[in-house]
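Only one chain is shown below, in structure tokens, and it's the form predicted alone.
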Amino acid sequence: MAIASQNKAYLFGYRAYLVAFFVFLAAPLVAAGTFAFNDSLFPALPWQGFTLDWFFGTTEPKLGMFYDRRLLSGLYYSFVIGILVSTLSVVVGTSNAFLFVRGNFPGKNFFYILMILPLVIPGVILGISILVLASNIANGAEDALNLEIEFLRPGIFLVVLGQFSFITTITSLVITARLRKFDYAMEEAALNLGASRFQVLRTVTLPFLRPAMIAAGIVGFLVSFENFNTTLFLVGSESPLTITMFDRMAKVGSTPVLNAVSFFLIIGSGALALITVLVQRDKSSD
């Protein structure tokens, strides 16, 4: 009886912990989504009624997110930066996977650790380091050669470079894990049947890696889209959404339109996460 009661108490405590944990995670998201539909100028209780003005409102003070030019501009730049970073990271991550799985060269373990290192470096340090390096190069070129290198000034190029520096590590690890499971006999069979190395890569190896490449690309896009610390030090006039929302919060304070943006991002991120799960399911079924 004592053991049974202990098991019941343990099971009850475990379930209570899980419920509390998920409530802790979900409560802020639910609150943000709820206030996005509240017919009030402030994102707070009491509930004033249901409205879609914070999404589709056309006039102040209820200018919706889809008619707010600054927010739409930030959303556009976030998409552009996210697509560039995720694409570059998948390409380089795939190359890294082949290098570290199939390559055999001196210092391989050292360079593998060096590749992982950006994940443990704070984003603030990465942003400052890249900004200082780029600024020193640009200033040196201007002083010595009277040459202005605009792309080394704060802007989209440096933001992409800063995010790429650590997101590539993520994509490399995801694709490397997939490549380690590859059966080399499939390539040998294709080569024995007369296929060239490029044909084997295109028709056998890359299709096997495709689920991991897609999942890594989605993860890279999401990490890029929500990045703030590194981006803050490298951004120019083309501010992505995270910086635009931060500026709005600093100048105006929290407003329901920011809750509408948050709700939009929650839905979009959830959809991409679902796609990742489906891709990973396809991955596990191979």
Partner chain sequence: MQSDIKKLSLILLFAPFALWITLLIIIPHMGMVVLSLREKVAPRVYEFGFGNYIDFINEPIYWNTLLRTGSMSILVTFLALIIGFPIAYYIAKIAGKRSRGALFLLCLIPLWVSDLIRAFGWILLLRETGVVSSFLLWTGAVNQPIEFLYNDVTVVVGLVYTVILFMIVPLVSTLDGMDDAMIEAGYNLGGNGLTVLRRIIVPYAMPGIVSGCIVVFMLTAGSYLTPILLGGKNSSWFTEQIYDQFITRFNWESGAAFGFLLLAFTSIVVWLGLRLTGQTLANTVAKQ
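Numbering follows the first chain given and starts at 1. Fair warning: this is a prediction, and the values are worked out from it, not measured in the lab.
A second form of this protein, the form predicted in complex with the partner chain, is not displayed here; the remarks below concern that form.
- Shown alone here, E238 lies farther than 4.5 Å from the partner chain in the predicted bound form, counting heavy atoms only.
- Contact annotation: F37 falls outside 4.5 Å of the partner chain in the predicted bound form, judged by heavy atom distances.
- By the criterion of a heavy atom within 4.5 Å, F233 is counted among the residues contacting the partner chain in the predicted bound form.
- None of the heavy atoms of S78 is located within 4.5 Å of the partner chain in the predicted bound form.
- Residues L99, I113 and L161 are all found to lie within 4.5 Å of the partner chain in the predicted bound form, as judged by heavy atom distances.
- Residue heavy atoms within 4.5 Å of the partner chain in the predicted bound form occur in exactly one stretch of 206 to 214, 78 to 86, 165 to 173, 182 to 190, and that stretch is 165 to 173.
- In the predicted bound form, the partner chain lies within 4.5 angstroms of at least one heavy atom of each of the following residues of 219 to 236: V219, L222, V223, E226, F228, N229, L232, F233, in sequence order.
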